[in-house]
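So this first bit is one chain, no partners, the form predicted on its own, shown in structure tokens.
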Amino acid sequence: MAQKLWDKGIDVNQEVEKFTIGRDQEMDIFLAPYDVMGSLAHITMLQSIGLLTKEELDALSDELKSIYVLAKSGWIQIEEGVEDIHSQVELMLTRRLGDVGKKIHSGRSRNDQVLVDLKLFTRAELQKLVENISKLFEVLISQSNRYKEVLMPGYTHLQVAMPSSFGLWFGAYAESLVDDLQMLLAAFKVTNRNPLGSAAGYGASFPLNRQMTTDLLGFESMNFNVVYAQMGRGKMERTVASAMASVAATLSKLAFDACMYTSQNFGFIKLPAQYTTGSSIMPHKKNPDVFELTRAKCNKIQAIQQQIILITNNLPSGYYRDLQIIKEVFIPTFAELNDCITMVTRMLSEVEINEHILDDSRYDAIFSVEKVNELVLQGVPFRDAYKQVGLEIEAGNFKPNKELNHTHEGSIGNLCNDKIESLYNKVLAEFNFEKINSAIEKLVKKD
């Protein structure tokens, strides 16, 4: 049975229909449970303004909650001839309830349906993403504290530069995730606003109670202006993609470090053998393929926002079918980024650290600044001390003092990991996932 919410009895050319639907049905499966959530909130509001009876609301709610269970379990499919998830849900309702199922669309358009679906989907995916980032953050802080006394070379221009430590290395990426989380929070706040009730972008003549659907769906506020609600499609995805790109950039840089540090020329870290792959010709190889793929995937993720910009940057206000294509590049990104975070977390939790890197004399010169500073503390002007140590190095007479005394905030001897953790937790608390989860649980719970 063909089902299109806009059908007026005119057959559309099949090639046109195939082209315009594209991958929409595939992408809409990801949105299925969220489409049901939006409908549950919408019909509750419709009953409150007299467009549904209490009996109709109860019947529709029961059926929608059953469909929600199917959607959450992955058992819902968009049937042949059915255009999208909105049409599929309405078809399932009309099969069970007859004409009552046709009443759920009053006061809304597919435009605000897909808007609210995407926001609910994105909000839920951001929660999963934040939870995974938190696991990685905990591993990084834990490893930073565990190996805070283990020194390693620091580099500038890929030349050995000054003493660093594994405490600093792990902790640096932990703090990077704090800033990434700040960006995700900003994107989350843009996402957590309700567009439902904007209809096709110009509202409706029904006395809709948009505050009610906002509260039922656990949104922080609504998108107030109905035209802006429609203009927000693409903007929300672009903003979220930008925040995900920030996380991906952190992971990509970490992955590059890990690939470099596992090579025999560095030998700073070692992965468990089961986390490496081999060569078909070289029996000695243990390749860090996970980190290499993480680097590539995360670089690809950083390009998603540019694709969204190019799809949307020359569109005027209002709805256009161009926006459909955003789903294809946006929706799969969450799973890919989460996979990378999960693998990196596992790798770093079991990585083996070389605790004797600086025993090698090739790294002696990194202690040159320590010697310069020591002379300065003895009263030698800095420029004279710098020249003296430089001449010792050139003459091969430099003898490093490997006893370090770095005490300022954020240095080898004072990592400030407690401050980094406190800042992370402060940002994390602002998401207030508990409020959202409570609202959704109440909305979809069967009586």
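Throughout, we count residues from 1 along the sequence that is shown. The structure displayed is predicted, hence computed values, not measured ones.
Missing here is the form predicted in complex with a small molecule; even so, the following discussion is about that form.
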Name the stretch, out of 318 to 326, 70 to 78, 183 to 191, 372 to 380, where some heavy atom lies within 4.5 Å of the small molecule in the predicted bound form. 318 to 326
Within 4.5 Å of the small molecule in the predicted bound form, heavy atoms considered, which of Lys297, Arg233, Arg210, Arg123? Arg233
Interface check vs the small molecule in the predicted bound form: of Gln88, Thr239, Gln143, Asn111, the one with a heavy atom inside 4.5 Å is Asn111
